[in-house]
Each structure stands twice: as C-alpha cells, then as structure tokens.
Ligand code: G1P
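As a starting point, one isolated chain is supplied in structure tokens, in the form predicted alone.
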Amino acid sequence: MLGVQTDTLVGMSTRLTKAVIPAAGLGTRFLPATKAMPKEMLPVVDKPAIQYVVEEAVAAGLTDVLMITGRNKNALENHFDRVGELEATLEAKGDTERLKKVEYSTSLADMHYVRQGDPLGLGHAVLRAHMHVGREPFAVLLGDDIIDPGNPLLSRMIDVHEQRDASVVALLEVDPAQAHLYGVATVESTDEDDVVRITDLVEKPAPGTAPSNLAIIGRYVLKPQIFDVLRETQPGKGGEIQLTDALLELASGPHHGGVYGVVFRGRRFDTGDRLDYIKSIVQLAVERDDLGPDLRRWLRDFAPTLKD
C-alpha cells in the first residue's frame, strides 16, 4: 500500500474552484490539419473545441482553470487572451455582435498555463498541476470530450464528491466491442440510480476481456491525495503514467473515501475521433437558431442523393 497523505484540512466543506485541462497531445489523428495548429483549436461550428470545455467548467462554478500544454500550443493562450487590435477594429466597424464574442472568450475564467514537458501520459499531465492545485479537490476535463450543455454532468459529479467526500469519475455505457478503447470499471450499486462505487479499474483491456461496458470518459473530480499516488505510480501501458492506475489505488485504499462513478446518460461528443468530430459539428449546428433551419433543409435534400 502506498503511503498516501491524509489531509484533514481538506474535507467535504471545500467547494471546488479549480479545473485542470490536459492539452499537450499532438493530435496526430487530425494531421495535416494539426501540423501547425493545436487539435484543441479545431472549430466545432464557430468556436474552438477547447472553449466548449472551459465554458462547461465555468458553468459548474470552476473559475480557476489550468491548462497543461506543450510545444506549439501558443494558440491556446492567445485565444483566451485580449486582442486589442482586433477589438478596436470591430468596435470601429460597429460590429458589436462579433466584439461581444471575442471579449467573452477572454473573460470566461482566470486562465493559467503550465507545460507538461515529457509526454508521459495523462497521469503525468495531472501531476504537473500539483503546484497550482495544492491540497484542494479539483476537476479534470479532457478536451476531446464535449458534454452537451443541457446535461450538467460536471455539476452532478461535484455534488457527489461533496456528499461522499470521495473522488468521482464519469462513466458511460459503451458497446462492449468498443470497451477495449477505454478505461473500464467494475462497480457496485449505491442508493442512487446514477451513482456507483468503483471496485476495480482496467485501462484498455484486451478485446473480449472487459469486466463491464462502463467506460471512463473525460471528466474527473479528484481529491488532492491523487498527487501522492501519482508520484509513486509506475509507468503502465505504453510506458505512460496512467491516471486509471492511480484511481484504482484510491479506490482500494481505506483512508481517502474511495472512488465513485456517475453514470452519464446524456449527450457526449467525441471530437478526438474524425468521424465523431464531423457528427458533432452537424448535430450542434442543426440546433442553432441561426444555422439550423437552412442546414436542416439542405440535409433533407442531400440525404436522398447518398448511396451505400
């Protein structure tokens, strides 16, 4: 058993304010588009994917956002920074609608940045946040997953964390044939329909060996003891420090509240997959008041022309 620090100063009364967004990946699945542009800046309709994630954090009450970045990720910082020349140009033109959109992205949250350095996996990226987070609970949001704003998953996870004084992960029922692509949980039921207790976790099990079809998706609410575990976690699959391995240690330890899962039944858009990225744009665009009517008409006309 690892020597995990027990922090009596951090308990159920501590309200989360900090979000960590790992964004150091190379985005190789989207080459050549991501050769010179971070994958997190790929537009989903007319906003970069990363802005949806920051907006979700802010909507859940998290106003202190730390991004874990890497080389060639300066566009992320620039997007959430002021652009005086652009703002002045829009103001001079009287283009108040676009000016509001530009100013909105710069005032969303208190933004901070730190580089990951060595690409040693998600666990290592989260560990890079320890100096900023300190001994407070915090949320981790992966930039590839966009959660429908109408499904307040993160707020629900924060509530469960506060009620149970435990770390919490988001779980999604997936096709068993796809379970090998995820971290997969073994669970026990609780007195709440959408909450389960995690008893075991396995990262990307071999096809056909997954213990369930409950996959971990990119939302976590973590107690600060995760840092103590990550410091001692040895590299796992792919030579990377796996956050899943550290969560399993928290789940089995007797002193830090265990790990619970919130089973998510809302809409999630996986913008890290090329086909799902395209589907995300279409689904979100058809629901927009400004784009939806014309796009729906075009889709109805276009669909009959398709051939298998």
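Numbers for residues come from their place in the sequence shown, where the first is 1. What you see is a predicted model, and the numbers here were worked out from it, not measured in a lab.
From this point on, the text means the form predicted together with 1-O-phosphono-alpha-D-glucopyranose (G1P), which you will not see here.
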query	finding
Output flag, 204, 218 and 242 jointly within 4.5 Å of 1-O-phosphono-alpha-D-glucopyranose (G1P) in the predicted bound form, heavy atom basis	yes
Option touching 1-O-phosphono-alpha-D-glucopyranose (G1P), based on a heavy atom within 4.5 Å in the predicted bound form, out of 142, 76, 196, 230	142
Contacting member of 129, 146, 122, 157, with respect to 1-O-phosphono-alpha-D-glucopyranose (G1P) in the predicted bound form [4.5 Å, heavy atom]	122
Residue 80, heavy atom within 4.5 angstroms of 1-O-phosphono-alpha-D-glucopyranose (G1P) in the predicted bound form	no
Distance check, residue 224 to 1-O-phosphono-alpha-D-glucopyranose (G1P) in the predicted bound form, heavy atom within 4.5 Å	no
Proximity to 1-O-phosphono-alpha-D-glucopyranose (G1P) in the predicted bound form (heavy atom, within 4.5 Å), stretch among 176-184, 105-113, 91-99, 159-167	176-184
